[in-house]
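Take a look at this one chain, the form predicted alone, written out in structure tokens.
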């Protein structure tokens, strides 16, 4: 048997220089990406025997998932949301195509399971999607502050502006607010929430002093009296200061206005893209824009969407993926595509080749697939083929194979693009996350790119790992509103 006993390092000979220690590898971020629906990014897969998502309205579904993710050391659970239905495909206004496959319909409120999940975990970040367009800043600030208390500093907010016409109609409008106008509204919205979270209670306002009979010290709570173009709010926030004050901020803006907003406010960005070149370009643009906004690019983490199908061998992983496809509802896939892009695939013939015809959004996506998916060179990109590629995991990069194969794929993306980690979608929940935990994470730990345990107790500290505490970093625009103790 070989001797595996660790040996003490030899001292360098006199007159020689010891070799420099190897640099510590970047520690990757892993989020579990889900939605409060039976069919998030895999319409039809609610029928799969390993998938519990059809029980998304049972609280045990969420508490079990949270416990699994925390035991496996996922950084966070990120819950997507929409406020309207996807009704472009075979539309406009047609609800029918997505119903059978549960293509992000029905969808329940993402806030409701948070407290239950917080009660059964201690470190997992719990991220919630909420829109700035259809709710007063005060109400949302109050809800997030309450959840930051109940999670003990583990709440995160994915800031969105809501883009669906159906959402506007559901919330009382006849039409959507224009895209750039929504972002102008959102920018002021964020200022209001920062003022409420950071500026209305001095850091030493809450005394809970039995001797002086003071729970809160008079003179250490104040109004904000915000009066802007879009919002008015007097304050103060009713909720006492929480651990993070401002929740950890996620964002996914991709337009010019969206990137400007994201690089000003976000602490973690979700990046789209299916090619190394496009993701690398986004990373470089975000870092440059962040610096222009006075932000330290190191305080903005960037993660990309990925579907990971992992098993003991490449062949078993591929077989698993192909078995998933037998459950896919292609009408649901085309319903999701219509909602995401505004393009109705029913307007095109079954034999049309989308590599050469159709809207630019489809041609661009097909071009990316052709360049990155093995075995598709020369394949005709029909409507059915497009739907099949979207069927499991949507428009996310796919990493399918053994643990070492998947680790190599992810390493390539990190090395070539500079991303900080991954937002992991799924076909079956919690099965795919359990496979990542059991098969992939041990290999990543052996390579030194994934932690063995949480670094801290709060969301911001676990993502940034800079030993700077749970509050907003000094370069963040919300930090200027802090009211420190004297």
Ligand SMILES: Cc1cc2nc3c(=O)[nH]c(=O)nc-3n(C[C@H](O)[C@H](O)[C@H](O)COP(=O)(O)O)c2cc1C
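Residue numbers count along the first chain shown, from 1. Treat the numbers as computed from the prediction; the structure is a model and nothing was measured.
The discussion below concerns the form predicted in complex with this ligand, not included here.
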Q. So which of 410, 302, 328, 80 gets a non-hydrogen atom within 4.5 Å of this ligand in the predicted complex?
A. 80
**Q.** Listed residue (138, 111, 163, 348) with a non-hydrogen atom within 4.5 angstroms of this ligand in the predicted complex
**A.** 163
Q. With a 4.5 Å heavy atom cut-off, would you call residue 400 a contact of this ligand in the predicted complex?
A. no
Q. Would residue 281 show up as a contact with this ligand in the predicted complex if we use heavy atoms at 4.5 Å?
A. no
Q: Check whether residue 252 has any heavy atom within 4.5 Å of a heavy atom of this ligand in the predicted complex, and answer yes or no.
A: yes
**Q.** Non-hydrogen atom contact residue 179 with this ligand in the predicted complex at 4.5 angstroms
**A.** yes
Q: Heavy atoms, 4.5 Å, this ligand in the predicted complex: which of 95-103, 312-320, 255-263, 282-290 makes the cut? Say which one.
A: 255-263
**Q.** Contact check for 33, 129 and 183 against this ligand in the predicted complex, heavy atom at 4.5 Å
**A.** yes
Q. Which of the residues spanning 268-298 lie within 4.5 Å of this ligand in the predicted complex, based on heavy atoms?
A. 270, 272
